[in-house]
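In structure tokens, one chain follows: the form predicted on its own.
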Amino acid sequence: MCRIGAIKSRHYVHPSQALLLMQSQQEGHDNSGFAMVMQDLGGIFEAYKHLPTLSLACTDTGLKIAEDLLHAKGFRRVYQWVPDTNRKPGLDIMAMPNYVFQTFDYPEPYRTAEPKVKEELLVGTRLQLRAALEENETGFAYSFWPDVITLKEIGDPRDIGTFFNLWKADDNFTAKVITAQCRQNTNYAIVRYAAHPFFLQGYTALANGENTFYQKNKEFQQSLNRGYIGFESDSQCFLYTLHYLHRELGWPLSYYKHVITPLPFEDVVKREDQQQLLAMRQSLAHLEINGPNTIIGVLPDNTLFTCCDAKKLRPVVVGRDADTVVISSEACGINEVLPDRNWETDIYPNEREIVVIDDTLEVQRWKQ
């Protein structure tokens, strides 16, 4: 079973907190990795929120391929951070030679373009980078987006934290929203792209469990958007459905739950919006999911949410204090990050709701 978690705070948070969130949940952990997405960045990246940052793990050859491609497209590098790694012997990590986080200014013709034009440019460029680096696995381009950093690695999460010097907190590498996962979906090959969280155009999703409707989700999604690729994990479908409904169709987040876990017909016909729900169920039936799972997601405006499968077969808990909200697949994870919170206010989401946290840290419970 995967372990997942998320932290959203009024203040900038160091990823050591995400490691603590995961650490207590690792019983039975098979060392298939640790991954995280940091959004609403602070520290050394705070001044570059408006510009895209490339999160890249690669060989020397891969670095040259990526830099040549970006240069040819007209991107101009304005900042680069290369983490100081600890390559001491004995660490359980399948490390790449280079980890590079580069921030770029847009090509000249795009600098005054509409936001959606820039966003399509970034998606197309990341897909080109991925394709160019796939041969001989010379690199992995995890994200190329403003105000976002992605880190994925295979190995023991404790050793991964040691390798990247993440156990000691500082003010240089921080964010207000961090999502993280331990243990990849072992139904499929253990590859870096398969590690949650998954990210696309400002949307993030990660899951604890499995999606037994993966094949029909995949076959339908492949025709919807050029960014819906890979499918290294059945949980990747959760991200693509979220992106499709909220960005491509422009629907409110509340409809996400109605698509992935539709209400029974006998309940739908009693509602005022029955026509909309029935049409949705008919047209998007191939996006329904099944199986035990809990989903955590982040929207482009940094709204954080969580929801469960229709039978509540995977655990999730939401805890908070005055400045921070934490979502975890197990309460022990929240205990590590917020030991002094009022535990009586913890929320255990049920099978027919979405729990949503906005930028004021208000926690809302939306009944399906």
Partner chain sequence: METVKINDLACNDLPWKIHYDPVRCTLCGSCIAACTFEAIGPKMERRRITYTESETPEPKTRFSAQPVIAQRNVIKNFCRGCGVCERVCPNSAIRAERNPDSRFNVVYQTATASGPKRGGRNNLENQARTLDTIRVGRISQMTDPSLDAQRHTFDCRAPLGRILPAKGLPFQQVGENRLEQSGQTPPVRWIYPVIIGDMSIGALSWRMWEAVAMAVAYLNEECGLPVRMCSGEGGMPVRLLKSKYLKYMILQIASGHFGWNRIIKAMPHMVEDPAGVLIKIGQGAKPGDGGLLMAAKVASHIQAIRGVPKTDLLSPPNHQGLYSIEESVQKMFLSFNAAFKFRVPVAIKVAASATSVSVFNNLVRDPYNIVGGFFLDGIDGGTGAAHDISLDHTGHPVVSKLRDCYLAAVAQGRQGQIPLWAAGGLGKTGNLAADAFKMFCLGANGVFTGKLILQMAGCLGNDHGRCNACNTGLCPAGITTQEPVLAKRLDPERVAENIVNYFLAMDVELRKLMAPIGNSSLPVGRSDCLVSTDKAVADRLQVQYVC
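Positions refer to the first chain, counted from 1. What you see is a predicted model, and the numbers here were worked out from it, not measured in a lab.
Another form, the form predicted in complex with the partner chain, is not on view; read the next lines as being about it.
Although the partner is absent here, residue 135 sits far enough away that none of its heavy atoms falls within 4.5 Å of the partner chain in the predicted bound form. In the predicted bound form, the partner chain stays beyond 4.5 Å of every heavy atom belonging to residue 162. Residue contact with the partner chain in the predicted bound form: residue 50 places no heavy atom within 4.5 Å of it. At a distance threshold of 4.5 angstroms between non-hydrogen atoms, residue 192 is out of contact with the partner chain in the predicted bound form.
Annotated contact segment (heavy atom within 4.5 Å of the partner chain in the predicted bound form): 253-261, selected among 148-156, 112-120, 253-261, 170-178. Contact with the partner chain in the predicted bound form, judged by any heavy atom within 4.5 Å, is made by just one of 313, 299, 69, 331: 313. Taking the partner chain as it sits in the predicted bound form, the stretch 199-214 comes within 4.5 angstroms of it through a non-hydrogen atom at 210, 212, 213.
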